[in-house]
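Presented as structure tokens, the chain that follows is alone, the form predicted alone.
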């Protein structure tokens, strides 16, 4: 269905602090400048900010099952030791319904694309396909290579199925969990998989000081340099989640090898992991994206909130309120996220020929009045609940705050049932 968005305040994210009032034509799923364009529907966006939809560059979609569970763990490793036993009991239905909940939350707060790392990926793929969202699904590698090779057997069949039927909205990466759960031979195997089948490498990296200290103790080097010197990163594109404690040499390596770093401010705060030095990354030329991490360590998937917190942490950690401006923060959540996911040729900015992944933010709210600077308003004043309408590849996923591709009441009911069942096992 062709859509005309009329009289919106547009932040197209193609130039610093550029905003203007105008119309947007969505034709055959793309942003159009066709002079013969005919709209099937028109939306009056007079009180709306129109901008690229948000991209969650690192998450664990189904971990919402463990939301608000074991929140008193003193650090990341203690928390993981509480979570791993629950994960060992998960069944396919758990993953499917938890994915439905996660996608509902993401759409309702303006996200249409995400980079996932979790188990039973066929269940998340099916939920994504039904929701008509966009996702990079990680073929998650965890543990010894022998164990992984057994679990990898269905991956190719799943990938081929969803690559063919998802109309380009689903891509696949290889996602070794972390150097403290995944041995070097598995990282080398992951690299070989990518060179053979395609995709990018998505992994946790230098999330805590303990992780870095243990890497130096066990391997004689910091985590990223350890993998680099072992040639585990040669000739592939890499996305690193967290990067809180990357060394100067590792930051330079990220720049030289076009490695993206995903800042996860809420999770890093909640687990007391630290504050990633995103200003240093940006000044060094590293692509910095934003993510939520999983909803069990955040505890939500609201990228509007991540932008707000990322900006606040930047101000206080640098003692500089403009070390990362609102435009810089929004860029991390849009075009930088698209670059991290290798989809920046399709989304991340509002430009003719790109897919229409767009959100409309309702500014007719007390907390957004007067609007003044729209970039500042999005980062410092707006909430996820201000997102009124969401498009992914021209498909309307939400309008007037009503989800159109997911039965959220059913998803909540079934997720509660699955969690209750899980606790009995």
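Keep in mind it's a predicted model, so treat the numbers as computed, not measured. Positions refer to the first chain, counted from 1.
From this point on, the text means the form predicted in complex with a further copy of the same chain, which you will not see here.
- Every residue in the set 66, 274 and 364 has a non-hydrogen atom no more than 4.5 Å from a further copy of the same chain in the predicted complex.
- The single contact residue among 221, 228, 126, 305, judged by any heavy atom lying within 4.5 Å of a further copy of the same chain in the predicted complex, is 305.
- None of 173, 104, 186, 287 but one reaches within 4.5 angstroms of a further copy of the same chain in the predicted complex through a heavy atom, and that residue is 104.
- Contact annotation: residue 32 falls outside 4.5 Å of a further copy of the same chain in the predicted complex, judged by heavy atom distances.
- For the chain shown alone, residue 404 is not a contact residue for a further copy of the same chain in the predicted complex, no non-hydrogen atom being within 4.5 angstroms.
- At a distance threshold of 4.5 angstroms between non-hydrogen atoms, residue 416 is in contact with a further copy of the same chain in the predicted complex.
- Although the partner is absent here, residue 373 is a contact residue: one of its heavy atoms lies within 4.5 angstroms of a further copy of the same chain in the predicted complex.
- Remark: of stretches 389-397, 51-59, 66-74, 34-42, the one touching a further copy of the same chain in the predicted complex is 66-74 (heavy atom within 4.5 Å).
- Shown here without a further copy of the same chain, the chain has no residue in 130-145 lying with a heavy atom within 4.5 Å of that partner in the predicted complex.
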